[in-house]
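We begin with a single chain expressed as structure tokens, specifically the form predicted on its own.
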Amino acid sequence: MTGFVDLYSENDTFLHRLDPRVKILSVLLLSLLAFVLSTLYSLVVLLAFIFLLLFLSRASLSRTWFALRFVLRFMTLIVILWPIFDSAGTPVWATLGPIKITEPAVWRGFTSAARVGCLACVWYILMFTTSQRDLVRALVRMGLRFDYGLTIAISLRFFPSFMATIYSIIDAQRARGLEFNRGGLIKRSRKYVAVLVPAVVSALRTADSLSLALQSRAYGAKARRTYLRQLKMRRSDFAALAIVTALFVVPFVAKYVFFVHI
């Protein structure tokens, strides 16, 4: 069972020290870059760069695996299913009845999987290195209403917690002798009711505790909020933002101005 409930890992790295506004803008630019790039080679290079940043965030192996395993499974599923539903192109590698597996479709499957991996993994950089408090403060400073920013931060904060609760319930039910892998599809689906009901009850209790915590801290008592720490951009923040902007602008101009296939 996963023991942590937050993807944020407190460390003293240059990614943690960056202004959260810079990290938000950088993640958005890298996400857009995944759509600009169209070749498998370029997307793999971008994915490797994102994995390098994840490594530099110094998150624990268990925390990193907890976050990435869902993405890796989805990427694998794309690679497997894409050639089945996309039969365009030649040469044909295999024929299974009406299904044709073509070489271009296989490479398109790998390309789509790499793009999805980039889009998903790049956001883990933000969640691994930015606390909920800093994330809300950055979103508010960027013009978002505080209650909207708090809603987003709470969603990012409690999603891994909710997943950990589900795994705990599954382990508890298995310890009581409930076997989820036996029986037909309908029978197995009914067994998951024993997981769904406690999970919903736990989510309602968490929502109630959260509302009480916000009320006890006088949330919304004053229209104008004050902060103990103010966000200030440093030279390193401007330098990091300039580098990421260049990483986006150069391929964008090369593709849409000079029509270079990248």
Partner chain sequence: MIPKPSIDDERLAAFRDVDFTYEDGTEALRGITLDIWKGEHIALVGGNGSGKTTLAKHLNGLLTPTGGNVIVGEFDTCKEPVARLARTVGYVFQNPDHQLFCPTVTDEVQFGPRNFGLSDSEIAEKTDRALEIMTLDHLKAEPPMSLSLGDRRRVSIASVIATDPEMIVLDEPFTGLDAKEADELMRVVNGINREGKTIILITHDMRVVAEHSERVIVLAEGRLMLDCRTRKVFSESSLLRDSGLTPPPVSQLAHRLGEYGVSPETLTVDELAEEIARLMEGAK
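Under this definition, the rigid core comprises the largest set of C-alpha atoms superposing within 1.5 Å between the forms. Positions refer to the first chain, counted from 1. Fair warning: this is a prediction, and the values are worked out from it, not measured in the lab.
The next section is about a form of this same protein that is not shown, the form predicted in complex with the partner chain.
V197 belongs to the set of residues with a heavy atom inside 4.5 Å of the partner chain in the predicted complex.
The closest non-hydrogen atom of V193 lies within 4.5 Å of the partner chain in the predicted complex. Within 4.5 Å of any heavy atom of the partner chain in the predicted complex lies no heavy atom of V140.
Within this chain, S112 is remote from the site of the partner chain in the predicted complex, having no heavy atom within 4.5 Å. Out of the listed residues T95, S87, T76, S168, S168 is the one that sits within 4.5 Å of the partner chain in the predicted complex by at least one heavy atom. Of the residues given (L81, I99, V106, A172), A172 alone sits with a heavy atom within 4.5 Å of the partner chain in the predicted complex. The stretch from 26-34, 39-47, 59-67, 197-205 that comes within 4.5 Å of the partner chain in the predicted complex, counting heavy atoms only, is 197-205.
In the predicted complex, A175, R176, G177, L178, E179 are the residues of 175-189 with at least one heavy atom within 4.5 Å of the partner chain, listed from first to last. Relative to the superposed rigid core, L96 undergoes a CA displacement smaller than 2 Å between this form and the one not shown. Superposition of the core reveals a Cα shift of 2 Å or more for I170 between this form and the one not shown. The rigid-core alignment places the CA of R73 less than 2 Å apart between this form and the one not shown.
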